[in-house]
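Only one chain is included here, represented as structure tokens and corresponding to the form predicted on its own.
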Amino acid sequence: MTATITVSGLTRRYRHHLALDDVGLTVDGPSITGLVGRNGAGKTTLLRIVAAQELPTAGRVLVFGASPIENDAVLRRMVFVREDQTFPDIKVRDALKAASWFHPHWCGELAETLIGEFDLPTDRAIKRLSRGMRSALSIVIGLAARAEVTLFDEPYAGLDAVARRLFYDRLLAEYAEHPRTVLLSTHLIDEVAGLLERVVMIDRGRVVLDAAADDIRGEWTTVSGPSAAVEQLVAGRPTRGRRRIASQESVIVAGALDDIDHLRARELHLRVEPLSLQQVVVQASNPAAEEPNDRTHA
């Protein structure tokens, strides 16, 4: 079966900057994949190339088994919503009408519902909208298009927490009713953690983490308590982020803890807390190498 999106050997070099460095990625659908990483890591560049809005220096991207470049049959099955989405000098209702012409699965009823929920004035010129309202308009188009490949690049700029929650809830409901392949670039990882089936992290132009979200959760754990007890539990394990204050110590352990580990932690009066998805991503972007903890305990 042909993958929905196939990225191979993808490199994008600007004059003084290497944005993407030999990126390989396969995305099957339907799925919701979180594309995460620091500012400037290459997330937007990757999405722009997938959407054929930018050309690679090397490598290739296939969508539905074909290049999206100047390929109307592929592009009509995609929608790309950007943080810095620009619109011509038209009114909101005209932008929605134009979007309906381009996207064959456009749902006018959903668009009307979302317009009401986001309180968008359809007779107002887009240039007169606030930043948050422009983001809401982009989200309406992204969801109402019901495109088979839906690309969201930090789509919630200027939206408050309530409006962002509305977007997440609507995205999940739409995905459940009309499955599609969604790539969501985001910095607000913990906010969207419940949506994600897969996490792809880009750091310095390379993919450094690509795994099912469920596999990532619980793979990193913070162990804290009396230093001697912490040492007994984590001896020989890869650790990071060791912190010690007086006789108390906290350390991050790489690798899942099993039932025996948890039982031993209780016996040693230790606190064991799994890292959130966002904390895992922070650790994955940390260039410090994991080292086994070989210290002998007291």
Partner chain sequence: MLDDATPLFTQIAQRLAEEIADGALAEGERVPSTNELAAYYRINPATAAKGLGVLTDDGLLEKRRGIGMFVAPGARGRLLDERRRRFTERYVQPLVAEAGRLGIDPDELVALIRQASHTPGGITL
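Residue numbers count along the first chain shown, from 1. Only a predicted model underlies this, so the values are computations on that prediction, with no experimental measurement involved.
This protein has a second form, the form predicted together with its partner chain, left out of what is shown; the following refers to that one.
With its partner chain left out of view, the stretch that reaches within 4.5 Å of it through heavy atoms in the model of the complex is, among 162-170, 116-124, 103-111, 143-151, 162-170. Proximity to its partner chain in the model of the complex, defined as a heavy atom within 4.5 Å, singles out one entry of I32, A265, L47, V251, which is I32. The contact with its partner chain in the model of the complex, taken as any heavy atom within 4.5 Å, belongs to L195 out of I189, M78, L195, V200. When its partner chain is considered in the model of the complex, G132 lies well away from it, no heavy atom lying within 4.5 Å.
Contact annotation: A176 falls within 4.5 Å of its partner chain in the model of the complex, judged by heavy atom distances. Among heavy atoms of D258, none comes within 4.5 Å of its partner chain in the model of the complex.
Heavy atoms of D214 reach within 4.5 Å of its partner chain in the model of the complex, making it an interface residue.
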